[in-house]
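Form predicted alone, single chain, as structure tokens, below.
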């Protein structure tokens, strides 16, 4: 679906210009997403530009984090630049401004507040030390059309003489951004509304240098539910934190896109990257702050997980299971007759309980647990008992907390004896139900099945006992039931 009157732009070139002085957080990632969608929609170019002129705070580790985060999200760029590699370019334009009388040296520090700076040195051309300030002689209101906010105006008196460079080799954000946008032929500057106050300053610098003015779009900030600025605690320190927590990249893209933008069909919430590109337009970006709703993200991620195959889910579970120490890789060589290729390496895993685990086993778990999880990492909490012996209080074995210990022991004995008679090939959900349900109806469903399920999983909430037993298999199932019975007897002896 396309918007009937959506604007079309030629030669679109947009950029994301992060400072590598911190990790890629969700606000910058969403700005990158909006720029990327806009470029893709109009067959344009998306540029990654590292604004790393702050020598003390800029670090390679942050640059790697930003790049890796964007790549994980699927936000690809066409060109990449670093401001630290362009000092000669900035010096050329600084010299041009200086010779034209647009800037001067000021011994005062770079402004640390919003108070306009009126410098007594602005007309003393002989001053050769200090920072470079722009000589703001503008008298007329500075007005520009913002694609999100409409007409925006600033009183030039509120700007004062603003700093643009520490010296010839160290340009500041206000100035370097203007030069780079011109040199890189940026057609649209799409950025957060926190940069709105920088725009009139950059317009004045651009006019002084005779640059064409790009189109502006300032998108709303991401807020917490109470409308305050999003904290790192609630918004995660890094986009890669979301990967570690088990969110899918397309789910996070979908979620970010709907924070401050909406499709033509407001009821549509699950939108693929391809659909986002087709539908995106700056005109439908809202002016007000966009609220970060973790519950919405979890719901959305759950929808994306449910659309995966069981095998895909299992493969995505594996890194989380390994990080939690529930499995570790084990490489084995399986020998085949020469006609079939001789030795073939096959990857298996060793579970925390020492048992060998293959992908097929994890696929079974994925099929069972997938409907219950919101994040891939949830498997380490909901399904850990498939890889290690469950830990639980004996009280958990009691149906509704009132079942006598002797009755629990007797029910476990009944179950063990019945299961022991089943052949391994019959250890399936349907066969187990057929064998146990008639007994449960006679002995009491809750009294028989609750201790069974609790002994297998060690959890108050888990899948049904028949599904668990089918995956664990006969040997492990009976082993766990006997362990539960043993613990009960030891407890009785103590009292």
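Treat the numbers as computed from the prediction; the structure is a model and nothing was measured. Numbering follows the first chain given and starts at 1.
Below, we turn to the form predicted together with a small molecule, even though it does not appear here.
195 is the sole member of 195, 311, 207, 287 with a non-hydrogen atom lying within 4.5 angstroms of the small molecule in the predicted complex. With the partner omitted from this view, the residue of 447, 63, 470, 51 that lies near the small molecule in the predicted complex is 51 [heavy atom within 4.5 Å]. Screening 351-359, 187-195, 400-408, 131-139 for residues having heavy atoms within 4.5 Å of the small molecule in the predicted complex returns a single hit, 187-195.
Of the heavy atoms in residue 173, some are within 4.5 Å of the small molecule in the predicted complex. Contact annotation: residue 484 falls outside 4.5 Å of the small molecule in the predicted complex, judged by heavy atom distances. Although the partner is absent from this view, residue 17 contacts the small molecule in the predicted complex, with a non-hydrogen atom inside 4.5 angstroms.
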